[in-house]
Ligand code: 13P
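What follows is a single chain, given as structure tokens, in the form predicted alone.
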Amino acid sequence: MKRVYANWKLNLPLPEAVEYAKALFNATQEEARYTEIVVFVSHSQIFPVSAVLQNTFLQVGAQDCSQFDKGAYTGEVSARMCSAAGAAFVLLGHSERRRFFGEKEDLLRLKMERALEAGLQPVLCVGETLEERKAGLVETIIQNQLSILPQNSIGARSWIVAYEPVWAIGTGMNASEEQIEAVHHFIKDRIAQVSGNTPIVLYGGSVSPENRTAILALDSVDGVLVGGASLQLETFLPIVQEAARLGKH
């Protein structure tokens, strides 16, 4: 099964988010038999979007969570709060969190712990900058970012990792098929070596209706994490449909 995850980022006012969630549900009832669809929404949208999607095949995720569980931390939203509001997943380590908010592995390790304690499925985002790629540091960077994953499997949990080369996010640029395959195989091999866990590895970075077929067809790609193209049904639906088509075989 190929997975399609949507990261709405800081977009879609609440009324639009709710209406879009309803429209997405209505448009993907057949496709959902063959693919897993998750929408990652802002904290203020988790409860209302989860409410309209309750008892449906569409799942909801948070775009981030706090490293704190509770206490005097004004403005923070804990993993338990996200879970209680209806989230089943949480994004951790997105490049925009790393870039704009200075998040490093020590902080992300704490967020990972809080997410697991709250029963959320973490989706760890990893990826290199263009400068790091040119310097031949891709595997070094990815390995360091993967280091926050616990080195033992928890029950039947499979780690989910989203490879998003920083230079391809929101730029219209895209990693080549060879580059994607190389990094995805590295991630899978590395996690298997240290934990015995078989990970799910998604690709993100300017995924669009135009490149969806080439990316989703790659054997090492278990799905996609879609940013800008997930904000409108007419651009997101073709990606879901392609994932479902591949999932039938």
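Position 1 is the first residue in the sequence shown; the rest follow in order. Nothing here was measured: the structure is a model prediction, and the numbers come from that model.
As for the form predicted in complex with ligand 13P, it is not shown, yet the points below apply to it.
inquiry  = Among the candidate stretches 110-118, 127-135, 77-85, 92-100, which one is within 4.5 Å of ligand 13P in the predicted bound form when only heavy atoms are counted?
reply    = It is the stretch 92-100.
Residue contact check: residue 225 to ligand 13P in the predicted bound form, 4.5 Å heavy atom = Yes, residue 225 is a contact residue.
ask   = If you check in the predicted bound form, is residue 50 within 4.5 Å of ligand 13P, heavy atoms only?
value = Residue 50 lies outside the contact set for ligand 13P.
message = Please determine whether residue 150 contacts ligand 13P in the predicted bound form, using a 4.5 Å cut-off between heavy atoms.
response = Residue 150: no, not in contact with ligand 13P in the predicted bound form.
inquiry  = Within 4.5 Å, heavy atoms only: does residue 160 come near ligand 13P in the predicted bound form?
reply    = Looking in the predicted bound form, residue contacts with ligand 13P do not include residue 160, since no heavy atom lies within 4.5 Å.
query = Among 1, 212 and 247, does every residue place a heavy atom within 4.5 Å of ligand 13P in the predicted bound form?
reply = No, none of 1, 212 and 247 comes within 4.5 Å of ligand 13P in the predicted bound form.
task = Identify, from the list 187, 60, 202, 207, the residue with a heavy atom within 4.5 Å of ligand 13P in the predicted bound form.
result = Checked against the cut-off, the match is 207.
request  = Between 1-18 and ligand 13P in the predicted bound form, list the residues on our side with a heavy atom within 4.5 Å.
outcome  = Residues within 4.5 Å: 7, 9.
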